[in-house]
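One chain comes next, on its own, written out as structure tokens in the form predicted alone.
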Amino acid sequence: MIAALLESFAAAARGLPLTLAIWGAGVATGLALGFVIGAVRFFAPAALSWPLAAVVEAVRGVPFLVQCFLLYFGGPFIGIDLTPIVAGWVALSVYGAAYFSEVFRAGFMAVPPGHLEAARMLGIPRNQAVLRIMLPMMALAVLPSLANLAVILIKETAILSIITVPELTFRVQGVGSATFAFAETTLVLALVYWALVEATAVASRHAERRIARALAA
């Protein structure tokens, strides 16, 4: 048992850097895409907002596992032939962007219209009012939800092992298949993912406090 645990932790250490890299890249890309989509859906006319809303609902309505299968195994049929790592990054980014966009759109809607109206009465240009008033307030409102989605995405990286991405779950499951110590390997996976989730939660609370202090200053 001890040997299996040690081997599982060693495998987790080998797979953890790739898990963090794909997760970080997926969250960063998803945040950028989600912000753009959320802003367009909030500020743009319906002719632009409605098609984006349909795409978002389509992505949210399909399980992440199915999206990975469609991209990695179905992509070559339409000329999209991606490596497992790139396919995992693209899938995680698109999946995250759909959910991030809804959070950002809700954040824009949560800012009281009176704040922008007051800025207009004071002669502040609309773009400056959005940048200096609306965005900071929206950031504080959406940060807990964004952190929660980031936690969800770091757990979703385990699904990428299905398309042979050599990340954390893939490495540790390899130990289980070789040694048949599935209880030990599953325990190690649970502990590592728990640690990642807790670290993400601590970082998000720290960021939330900093944003709140900056707004109060």
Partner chain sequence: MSAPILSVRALERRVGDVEILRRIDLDVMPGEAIGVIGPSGSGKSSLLRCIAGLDEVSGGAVMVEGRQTRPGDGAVGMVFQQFNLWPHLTARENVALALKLVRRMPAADAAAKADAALARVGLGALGGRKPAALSGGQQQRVAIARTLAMEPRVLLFDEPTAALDPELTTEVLDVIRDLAAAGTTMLVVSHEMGFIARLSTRVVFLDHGVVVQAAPPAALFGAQAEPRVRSFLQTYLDRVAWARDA
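Source: prediction; values computed, not measured. Positions refer to the first chain, counted from 1. Basically, rigid core = biggest C-alpha set you can superpose within 1.5 Å across the two forms.
What follows is about the form predicted together with its partner chain, which we do not show.
Colleague: In terms of non-hydrogen atoms within 4.5 angstroms, which of the given stretches 143-151, 91-99, 115-123, 70-78 touches its partner chain in the predicted bound form?
Modeller: Checking each option against the 4.5 Å cut-off leaves 115-123.
Colleague: Can you work out whether Leu82 and its partner chain are in contact in the predicted bound form, taking contact to mean some heavy atom pair no more than 4.5 Å apart?
Modeller: Taking the distances in the predicted bound form, the answer for Leu82 is no, it never comes within 4.5 Å of its partner chain.
Colleague: Test of understanding: in the predicted bound form, would Met137 fall inside 4.5 Å of its partner chain by heavy atoms?
Modeller: Looking in the predicted bound form, residue contacts with its partner chain include Met137, since a heavy atom lies within 4.5 Å.
Colleague: Does Val86 reach its partner chain in the predicted bound form, with heavy atoms at most 4.5 Å apart?
Modeller: Flag for Val86 set to no.
Colleague: Should Ala106 be counted as a contact of its partner chain in the predicted bound form, where contact means heavy atoms within 4.5 Å?
Modeller: Although its partner chain is absent here, Ala106 would stay clear of it in the predicted bound form, with no heavy atoms inside 4.5 Å.
Colleague: Can you list, in sequence order, the residues from 126-158 that come within 4.5 Å of its partner chain in the predicted bound form, counting heavy atoms only?
Modeller: If the 4.5 Å heavy-atom criterion is applied to its partner chain in the predicted bound form, 126-158 yields Gln128, Arg132, Ile133, Pro136, Met137.
Colleague: Any chance the CA of Ala119 moves 2 angstroms or more between the shown form and the other one, core superposed?
Modeller: True for Ala119: a C-alpha shift of 2 Å or more.
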